[in-house]
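What follows is one chain in structure tokens, specifically the form predicted on its own.
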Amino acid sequence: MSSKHVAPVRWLKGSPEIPGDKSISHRAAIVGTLAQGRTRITNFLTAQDCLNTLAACEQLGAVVERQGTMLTLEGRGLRGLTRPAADIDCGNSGTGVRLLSGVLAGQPFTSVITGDAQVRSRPMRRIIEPLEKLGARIESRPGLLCPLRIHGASLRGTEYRSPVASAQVKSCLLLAGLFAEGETRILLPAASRDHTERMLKAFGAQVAQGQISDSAQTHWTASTGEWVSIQGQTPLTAQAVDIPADISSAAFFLVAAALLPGSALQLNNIGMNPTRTGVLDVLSRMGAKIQIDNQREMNGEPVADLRVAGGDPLNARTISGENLIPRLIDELPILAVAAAAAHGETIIEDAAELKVKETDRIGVLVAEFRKIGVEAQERPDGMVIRGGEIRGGTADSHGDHRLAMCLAIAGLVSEEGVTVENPECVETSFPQFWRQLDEVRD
């Protein structure tokens, strides 16, 4: 078992290079494969998850040329995909499995898609049932788990009401809807990240969206929801895509600098999609000093430069609500680190979705926090964290890239440092994390 010790520091200073957005990189590769012509992608995230999705696109017939983070991808169009000669292996990427399953459901061939042990334990009922409603036939392991054998079919547009506000479910069905006859309409109990809608529109798809009124969704407990529709069988045209830096990766540096007095970090070209900026809202409410500069758009995605300065200690807050949690679901683990060093008791609620990520990020994080001296309590849909000082010690990432980086940041702000076991899993989303951390630490 490998490990990495992260010692406490006085402050962080500099401008770490934040990699391209993971969610947008997945979508750029997939949508580029479905387009006619040559798509050029800059700042593609060359982490293992996205490289696995890119390899899957090549299995389906896309021709890819890559030089570092720059890609040229010759698409196949909606009707030009080829049957993969072997199973599609998405590794640790649940996003890859769910999005590509939507594409495979509309093909005139049978294919198998799978992933590593973590992915094979993640719930797939949430995409299997709606894809079968569109007309696909899917075989799975008991419990509706991967591997999935997808018997593609001529799909028919339909309306589907999702019980969860999941961008992966929505995106899966939008991609399947590209191949369906007529309109596919998805209703969700709350807004979720909309990178797929933006990407599809940029490539020429007929996508519409809006909010659902209270009276229209009394079967949900949420007070607001969203609907998205796509008109099937509309050809896509290749585009140039410049991918912004990933706010989920930036969040680790934002929290570290906010917790260390005297810190000053500049984070450039950060994606500011409003479905993803909940972490900024919460950190600001906790007292973090974050300045947003140079706001602009890149390929339909809002982008800005962020400056964060360490100052007074942060204060605990309750983090909850169906309109907030989907906007920061991936950042909740690093916000839990902020809470562990803040004054007071932080309560995280409405976040049961954390239990079905790469790990059970509620149970595992609480258990590992206790090993490094953080007082934390697990709840069915979140956790309670009593803030103060983080003592330090040894904790295990359990192969979860976000937990590994969280534990590293905890080490920076701890009394004794934290030894992170299984640190290499950061390769799935932020391969240069350890180097970037070394370059800005005192």
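Because the structure is predicted, anything quoted here is derived from the model rather than measured. Position 1 is the first residue in the sequence shown; the rest follow in order.
If you look for the form predicted together with a small molecule, you will not find it shown, but the lines that follow are about it.
Q: Sort through 327, 198, 357, 76 and report the residue having a heavy atom within 4.5 Å of the small molecule in the model of the complex.
A: That would be 357.
Q: Just give me the single entry in 156, 126, 149, 370 that has a non-hydrogen atom within 4.5 angstroms of the small molecule in the model of the complex.
A: Only one listed residue qualifies here, and that residue is 126.
Q: Under a 4.5 Å heavy atom criterion, is residue 23 part of the interface with the small molecule in the model of the complex?
A: It does: once the small molecule is placed as it appears in the model of the complex, residue 23 has a heavy atom within 4.5 Å of it.
Q: Is residue 27 a contact residue for the small molecule in the model of the complex, using a 4.5 Å heavy atom cut-off?
A: Contact check for residue 27: yes, within 4.5 Å of the small molecule in the model of the complex.
Q: Does residue 317 reach the small molecule in the model of the complex if we count a contact as any heavy atom within 4.5 Å?
A: Result no; residue 317 lies far from the small molecule in the model of the complex.
Q: Test of understanding: in the model of the complex, would residue 229 fall inside 4.5 Å of the small molecule by heavy atoms?
A: Although the small molecule is absent here, residue 229 would stay clear of it in the model of the complex, with no heavy atoms inside 4.5 Å.
Q: Counting any heavy atom within 4.5 Å as contact, can you tell me which stretch out of 303 to 311, 166 to 174, 267 to 275, 80 to 88 lines the small molecule in the model of the complex?
A: Stretch with heavy atoms near the partner: 166 to 174.
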